[in-house]
Ligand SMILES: Cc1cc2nc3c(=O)[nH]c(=O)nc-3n(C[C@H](O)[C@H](O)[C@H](O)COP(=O)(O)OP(=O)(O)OC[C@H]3O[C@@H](n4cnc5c(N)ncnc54)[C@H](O)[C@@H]3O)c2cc1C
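There is one chain below, alone, in structure tokens, taken in the form predicted alone.
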Amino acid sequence: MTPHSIGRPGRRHVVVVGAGPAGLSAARAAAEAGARVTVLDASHATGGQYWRHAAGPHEQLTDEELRLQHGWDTYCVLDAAVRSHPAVELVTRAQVWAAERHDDGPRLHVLVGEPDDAGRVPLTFSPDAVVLATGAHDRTLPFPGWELPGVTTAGAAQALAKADGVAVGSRVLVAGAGPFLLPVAATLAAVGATVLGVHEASRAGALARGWLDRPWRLAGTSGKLLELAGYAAGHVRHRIPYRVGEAVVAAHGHGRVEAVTISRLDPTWAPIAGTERVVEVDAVCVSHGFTPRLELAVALGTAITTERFVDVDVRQRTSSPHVWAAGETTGIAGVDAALAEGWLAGHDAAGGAPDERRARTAVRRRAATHEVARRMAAAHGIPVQGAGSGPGWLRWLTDDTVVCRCEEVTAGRLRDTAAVTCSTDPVSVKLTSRAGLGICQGRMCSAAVTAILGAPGALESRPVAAPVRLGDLARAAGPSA
């Protein structure tokens, strides 16, 4: 097939990038507001990371698979609404590999097909509006041995369990920070793994300050609290220990992970000497929060906050004309926030009235969920400064700890490169040390690299947002039909 461009016919055309909770909600709202909508998602199915499931009709999910999902009825309603609406085109296996700004609006370059297929179909979209609902991925702090097979992100372990019913190991330990650790442990236990424990890096004091301060402000988020209560009940049922103020500070093994060292942490997340203990495992799942997917947002010129999220106004508009954003790309606040933000973004991008009743309802729901987001950040956020230089978790890194796993760049090499070049600029160090130049393009190591360097900056500016074959680029550069 030849590449072709999809332009702007009569009515307003909205392209939604991402078919998770925020993207589906945005697509439905935009269509109901009268727009023509195209939904693009790189996966084979809708639902995003939150509603990840195996391919196939919904009715094929077993009772056990359904137990691993939360809010599945909401997903089914949204998915059916998007698929059945005559103004919506859903394109799965669609990878947006580049985005451009033009005077008349954004332009998106897309490849449709399996990621490893040499014959993917190139498409170019020039819509009136773009809603970015690209979500986020796990942030994992590096530690000695984290490159061993069997060490995974918590999100990867949950995705494997939800999509394929497979546990990453038989003796699994879950560690990191944030409420996400709880559903991951529950999912692993449900697919047959023995979860040896959940180890939360934040100490009891930080958790209490974050979650227990002025509890009446959580009155509008009772659904989320009930969900957390359900996870807690599952921990009791499966006898999973939950320990706070602890972290995996090293992984050990020959050819794969065989054991981990766990240490108590001080309030800055620095290891407390003499508290280390070794636990035998065959898998460890780690997540220290989430990092938003910002490549397309940066390419489209949107403003980014100091916390590294897309900056939006009350209507989910970004600083870039024609671009809206919703969901975890604008802040980590959970599925309810994503649904409300997605609806507001899609409705406004389509030219819907900002003062109609459903818009006011979505604004109230978003406000309630943002209270949860603030508390999560306060309770589980990574400390930015320790007693010495930089955050305390840097003290569990040795000079030979691999930080960039793609290029095998160690913490010592990063520090030496910065010293020799007299530069702590992340982009400069990227070019001189090769940290962030691998296949993931810094998605896994960018935050750690900047923390080690002790300098502001990031590595999200990528003209090519995803791996692309040279043959795909050649076909995409061909004449448009």
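Residue numbers run from 1 along the displayed sequence. Note that the structure is predicted; figures quoted are calculated from it, not measured.
Omitted from view is the form predicted together with this ligand, to which the following refers.
- Among the residues G334, P106, G352, P292, the one placing a heavy atom within 4.5 Å of this ligand in the predicted bound form is G334.
- Between the options R171, R365, H137, R101, the residue in contact with this ligand in the predicted bound form by a heavy atom within 4.5 angstroms is H137.
- Comment: 22 to 30 is the region of 445 to 453, 22 to 30, 408 to 416, 425 to 433 lying near this ligand in the predicted bound form, near meaning a non-hydrogen atom within 4.5 Å.
- Taking the partner from elsewhere, no residue among V198, Y242 and A250 has a non-hydrogen atom within 4.5 angstroms of this ligand in the predicted bound form.
- Among residues of the shown chain, Q158 is one whose heavy atoms approach this ligand to within 4.5 Å in the predicted bound form.
- When contacts are judged by a 4.5 Å heavy atom cut-off, R120 does not count as touching this ligand in the predicted bound form.
- Proximity of G346 to this ligand in the predicted bound form falls outside the 4.5 Å heavy atom cutoff.
- When this ligand is considered in the predicted bound form, K162 lines it closely, a heavy atom lying within 4.5 Å.
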